[in-house]
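A single chain comes next, written as structure tokens; it is the form predicted alone.
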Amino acid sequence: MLSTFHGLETVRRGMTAQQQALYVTGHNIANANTPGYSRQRVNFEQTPPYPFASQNRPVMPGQMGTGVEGGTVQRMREEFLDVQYRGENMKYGYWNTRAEALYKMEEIMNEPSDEGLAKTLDRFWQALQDLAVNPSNSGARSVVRQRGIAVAETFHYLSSSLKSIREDLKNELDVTVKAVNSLARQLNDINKQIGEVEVHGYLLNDLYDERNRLLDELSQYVNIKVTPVPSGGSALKIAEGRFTVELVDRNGTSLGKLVDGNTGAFNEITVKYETTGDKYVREIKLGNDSLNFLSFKENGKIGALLHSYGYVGGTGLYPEMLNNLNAMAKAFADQFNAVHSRGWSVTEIKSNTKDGKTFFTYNPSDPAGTLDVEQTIKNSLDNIAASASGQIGDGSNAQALAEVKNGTMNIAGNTTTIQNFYESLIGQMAVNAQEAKRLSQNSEVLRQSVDERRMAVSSVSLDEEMMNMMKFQHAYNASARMITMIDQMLDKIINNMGIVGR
């Protein structure tokens, strides 16, 4: 037989459950603008009906419901969208970083423009044409000297600027690796906290959110794969467990564990550089395991920085450009010097002694960075060899010097003219930059699209929360009204029954 106060207990549970739901609704509203927060809900569960199935159960026509209770407080999250978002975030991290590196390179090369190397070389060739017409004119000689110095200084500027940006890329790579290691350490710490509490049957919604936020941030640096590991003990079925985070290449092949959810350990990424020469990246390791550089192709921000800075046995955007610039400066100077040394300068004509002076000097280890006009030419304009015949009025060697522009030469293994080689360099850079920019924009659009779908599930909608608030409030009020009604029933029984005839 049911207790007289059975109804009171049923509605009391209803009021408690609705009150709990209102508190969760208030928590959602309070965190409407909190980054990384996922809205939460109370999973209502019916309490066990009365009577229980047993031999001594009271005889009743069926079971009577006993009310409701708040089972768990669960956050709203779609894991599939998280995986999609991190994949697009990784692509965006790679292409956006590569696009930025190429954008800086384009700014340095500054082509086409009136200040670029191509225009500076054109002015130099034109000055030589003018000298060929007026070989004895000191003004024409001065222009050749000054424009020769301008060519050398432009090579210096390009070389030093590219080296400077390359050094920045190295620093950025180091900072990014430190960020990845810091995130791995934080994820491991959160894993431990979750594992220690979940076994007691709790859900750690705030820590789940923080872990997802860290994973989202990590995904822009490297490609990751996340595998949940159950906490065991009395953990709920909807508990998320600890996470094992693996580093994977673009095909999804594992490169090693960054965070191990089973052992509670994590591995750090280390980058080692050559100590001499161009100081390429010599080795990149995860824990004690060396990783293949090609594994980082199209693989997050670290991959873009690695392939922009350059690594041993491979290439990099900036080393390639520097090497090509050096090859171009060397071939240009050698070819120009060869023609210049065959001619006669005014000084040689006057002394009737041919010494075959060169026009440019450079250090073979760094031609573009050290290219300069011979000091003797800087000291005296008479040391420019404009004559081929040994006559002061002859400008045919200056004409031959101007024709170096159209002469074929071997540059970096290619038989080409200096102008064609430089145009191919600029053209390839432009194609690379355009591709990186396009793919960066595409991945950004996809990332935003997935994020919007994810937010539609996880973010707090104030309209929806207001609706929930009214829904739970009315349910709470209805339960309170039910208590009033039961109170009236009990009052009738207790105070008004058996008073006939008084």
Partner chain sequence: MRVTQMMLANNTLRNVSKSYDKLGTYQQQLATGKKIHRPSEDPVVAVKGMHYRTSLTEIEQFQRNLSEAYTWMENSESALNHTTNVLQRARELVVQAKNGTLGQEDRQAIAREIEQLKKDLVQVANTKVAGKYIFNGTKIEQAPVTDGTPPTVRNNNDDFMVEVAKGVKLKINVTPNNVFNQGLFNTLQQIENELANPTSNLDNLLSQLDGHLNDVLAERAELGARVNRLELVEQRLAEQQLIAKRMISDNEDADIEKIITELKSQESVHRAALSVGARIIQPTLVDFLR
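Residue numbers count along the first chain shown, from 1. Note that the structure is predicted; figures quoted are calculated from it, not measured.
Here the subject shifts to the form predicted together with its partner chain, a form of this protein not shown in this document.
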Exactly one stretch in 149 to 157, 165 to 173, 315 to 323, 404 to 412 has heavy atoms within 4.5 Å of its partner chain in the model of the complex; which is it?
404 to 412
Counting only non-hydrogen atoms and a 4.5 angstroms cut-off, does Trp125 reach its partner chain in the model of the complex?
yes
Taking heavy atoms and a 4.5 Å cut-off, does Glu196 contact its partner chain in the model of the complex?
no
Is there a non-hydrogen atom of Val133 within 4.5 angstroms of a non-hydrogen atom of its partner chain in the model of the complex?
yes
Exercise: Leu294 in contact with its partner chain in the model of the complex, heavy atom 4.5 Å
no
Any chance Gln19, Arg41 and Ala478 all have a heavy atom within 4.5 Å of its partner chain in the model of the complex?
no
Between Gln63, Asn442, Gln46, Thr34, only one gets a heavy atom within 4.5 angstroms of its partner chain in the model of the complex; which residue is that?
Thr34
Selected contact from Asp382, Asp249, Glu111, Glu374, since only one has a non-hydrogen atom within 4.5 angstroms of its partner chain in the model of the complex:
Glu111
What residues of 459 to 483, in sequence order, lie within 4.5 Å of its partner chain in the model of the complex by heavy atom?
Ser459, Val460, Ser461, Leu462, Asp463, Glu464, Met466, Met467, Met470
